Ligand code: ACO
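Okay, so here's just one chain, in structure tokens, the form predicted on its own.
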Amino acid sequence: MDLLEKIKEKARKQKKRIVLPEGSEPRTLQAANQIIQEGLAEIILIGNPDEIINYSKENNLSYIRKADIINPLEHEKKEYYTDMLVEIRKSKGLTREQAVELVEDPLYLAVLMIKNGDADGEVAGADNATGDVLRPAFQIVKTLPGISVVSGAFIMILKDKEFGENGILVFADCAVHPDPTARELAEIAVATGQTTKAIAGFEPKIAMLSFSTKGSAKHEMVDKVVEATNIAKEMNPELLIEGELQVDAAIIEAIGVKKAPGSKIAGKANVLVFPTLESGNIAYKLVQRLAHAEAIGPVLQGMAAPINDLSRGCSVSDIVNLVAITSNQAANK
């Protein structure tokens, strides 16, 4: 059974409630139908009920009838969620009139449902920009305790099983934060360790990457990685983490032994934390294209609840897979 099937199998066992706020979007509806058919999650669709039902009938999406369909303009909890939003944002000067308008926005409504425990996670972005998806999440759900930064991890599945965990590596941050401070980089490392356990299902061995290995070069960028490693160890003393390491020392055992003798991580890393978004994004795309690796993600991490963002060019299968991943995150929350 490959990793994606393991993720789906775990999702089937958990049956988490995932809200899809772009409920009238065609790919989302097709994915929702497949998700319900495969038993991957309980689906909540936010959108115009007539549009959803008509599209489903016209396209033979018979399983949509098993979804919970919520009209954002008129539903039994509208007043309750409005009061809730006013309370959450009162320190920011939000008025009730503004709250009434925001609660009718499916992206805000979805996050309020999660905050209230009426849903376990959210997948959106097929029809909305990343900023629009994340803004309500930051305002309402916020980040995990001790974590101030949201980041994006990719699960890289290589054809060469020699590397990582039988060919599986987790890369971060490849999607969100351009130039993290040492503290933020440490938080990204800790969050990526949690993502690795929750989704990839193995014990993380984290390499904090740099162009230096154990003092082989001197530069403030190297100092940042060393400091981040120390902070991450303080945040979670049980975490298997090493830095700073060059990527060859991190993933090739013969080089790791030579450059970092005695290290428990060098040559055995299955999680690679990059010092900047620039390096992480370039690396995952190079590995994806040149090594023909499968890249699953980005999986957003650091939020207090699983909220994931799709590319607007996503396929139906992308939505299905991300819902399964979100269910796994919710199960390991």
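In case it trips you up, residue 1 is the first one in the sequence shown, and so on. Just so it is clear, the model here is predicted, and its values are computed rather than measured.
What comes next is about the form predicted together with this ligand, which does not appear here.
Colleague: Are all three of 155, 163 and 266 close to this ligand in the model of the complex, meaning a heavy atom of each within 4.5 Å?
Modeller: Judged in the model of the complex, none of 155, 163 and 266 sits within 4.5 Å of this ligand.
Colleague: Which of these stretches, 130-138, 202-210, 77-85, 250-258, has heavy atoms within 4.5 Å of this ligand in the model of the complex?
Modeller: Heavy-atom contact with the partner occurs in 130-138.
Colleague: Check whether residue 281 has any heavy atom within 4.5 Å of a heavy atom of this ligand in the model of the complex, and answer yes or no.
Modeller: Residue-level check for residue 281: yes, a contact with this ligand.
Colleague: Would residue 226 count as touching this ligand in the model of the complex under a 4.5 Å heavy atom rule?
Modeller: It does not: once this ligand is placed as it appears in the model of the complex, residue 226 has no heavy atom within 4.5 Å of it.
Colleague: Should residue 150 be classed as touching this ligand in the model of the complex when contacts are defined as heavy atoms within 4.5 Å?
Modeller: Judged by the heavy-atom cut-off of 4.5 Å, residue 150 is in contact with this ligand in the model of the complex.
Colleague: If you check in the model of the complex, is residue 219 within 4.5 Å of this ligand, heavy atoms only?
Modeller: Residue 219: no, not in contact with this ligand in the model of the complex.
Colleague: Pick from 214, 115, 177, 233: which has a non-hydrogen atom within 4.5 Å of this ligand in the model of the complex?
Modeller: Of 214, 115, 177, 233, the residue with a heavy atom within 4.5 Å of this ligand in the model of the complex is 177.
Colleague: Pick from 305, 287, 64, 277: which has a non-hydrogen atom within 4.5 Å of this ligand in the model of the complex?
Modeller: Only one listed residue qualifies here, and that residue is 277.
Colleague: Looking at this ligand in the model of the complex, which residues in 292-328 have at least one heavy atom within 4.5 Å of it?
Modeller: Contacts from 292-328: just 298.
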